[in-house]
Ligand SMILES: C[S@@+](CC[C@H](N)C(=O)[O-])C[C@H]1O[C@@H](n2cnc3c(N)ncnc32)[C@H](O)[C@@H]1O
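We begin with a single chain expressed as C-alpha cells, specifically the form predicted alone.
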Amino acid sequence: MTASPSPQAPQEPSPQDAADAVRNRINTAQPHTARIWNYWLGGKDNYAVDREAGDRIRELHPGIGDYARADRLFLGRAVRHLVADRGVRQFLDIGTGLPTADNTHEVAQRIAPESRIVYVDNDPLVLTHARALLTSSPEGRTDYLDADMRDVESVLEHASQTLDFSRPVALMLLGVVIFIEDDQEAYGLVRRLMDALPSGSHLVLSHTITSPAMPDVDAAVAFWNEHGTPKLTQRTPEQVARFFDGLELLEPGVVSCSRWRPDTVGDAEPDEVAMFGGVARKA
C-alpha cells in the first residue's frame, strides 16, 4: 500500500509578498485623510490627489493647516507632561497617522529612554512607513500593530506583548474617533479601552468640533465627506468632553488643542482652532 502524501503546512508569505500586499491596499486615486494631514504638516508622503483635496479644503477653511499643527503640538505637550510630571512610561497610540517629526516615542524617549510605545493604525501607507521610521531607543521598545481600533480585544492582546497592563498606560486617541460615526459605538470603544487599563492610566484625546462660530469648518468637512476617505464625524465641545466621563480631567479641561498648556510666553492666548482635546487620569 502506498502511503498518501502528508499535507504540507501553508507557507508564510515572503517579506516581498507581504510588502506587495500592503502596497496593493493603497488607493492613490482617492484622497485620504492621513496623507492630507501629512501634506498640511509639510510632509512628502502624499499624492497629487491628496494635495488637490487639501488645497480645496484650505480654500473653504484657510485655518485648517493650523489645526493639524495644533494637534501635533498638543501631542508633544501632553506626552512631555505625562512622562516628566506623572511618571508614565507606556503609551498605546491608536490612529498613529503617517510618521512626522516628534512622534509619541520620540517625545517620550527623549525624556525617559526606557519608555515603551505601541502604535496602532490600519492605513497601509502608514504601515509601510511605520516599519522603517518608528524605531526605539536601546533602553525602550516601540512596536506597530496593523489593526482597526474597533477590534478592541485584538488590539489589547497584541499590545500586551509590549506593554505591561499592570502598570499605567497612556491611551492616545488623537483625531481618530472622528472616524466613528455612531456616538454610542465611539463612546463605548473608548470606555472599553480605558476599562482594560489600570489605575493611574491616562486618556489623551482630540477631536474636530462643530460650532456655530466656525461655519467654514462644517463646509470643509462636508467637502471632505463627499470626496475623501474615510468619512469624518464632527462633535460639539460638549460631546467631545463626554469621552472623558468617569475620569479625572487635568487642567485646563477639554479646550482648543492650541490652548492646552501652550508654550507661549506672555498674556496673549493662542488662537482657537476647531480641534479640541484633553488629558484625563483614571483613578
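Please read these numbers as outputs of a predicted model, since none were measured by experiment. Sequential numbering from 1, following the sequence displayed.
The same protein also exists as the form predicted together with the ligand; that form is not shown, yet it is the one meant from here on.
Contact with the ligand in the predicted bound form, judged as any non-hydrogen atom within 4.5 angstroms, is confined among 44 to 52, 214 to 222, 248 to 256, 31 to 39 to 31 to 39. At a distance threshold of 4.5 angstroms between non-hydrogen atoms, Asp123 is in contact with the ligand in the predicted bound form. In the predicted bound form, Leu174 approaches the ligand with a heavy atom inside 4.5 Å. Shown alone here, Val88 lies farther than 4.5 Å from the ligand in the predicted bound form, counting heavy atoms only.
The ligand in the predicted bound form comes within 4.5 Å of no heavy atom belonging to Gly140. Within 4.5 Å of the ligand in the predicted bound form, a heavy atom is found for none of Glu106, Val118 and Pro168. Contact residues in stretch 141 to 164 (any heavy atom within 4.5 Å of the ligand, taken in the predicted bound form) are Ala147, Asp148, Met149, Arg150.
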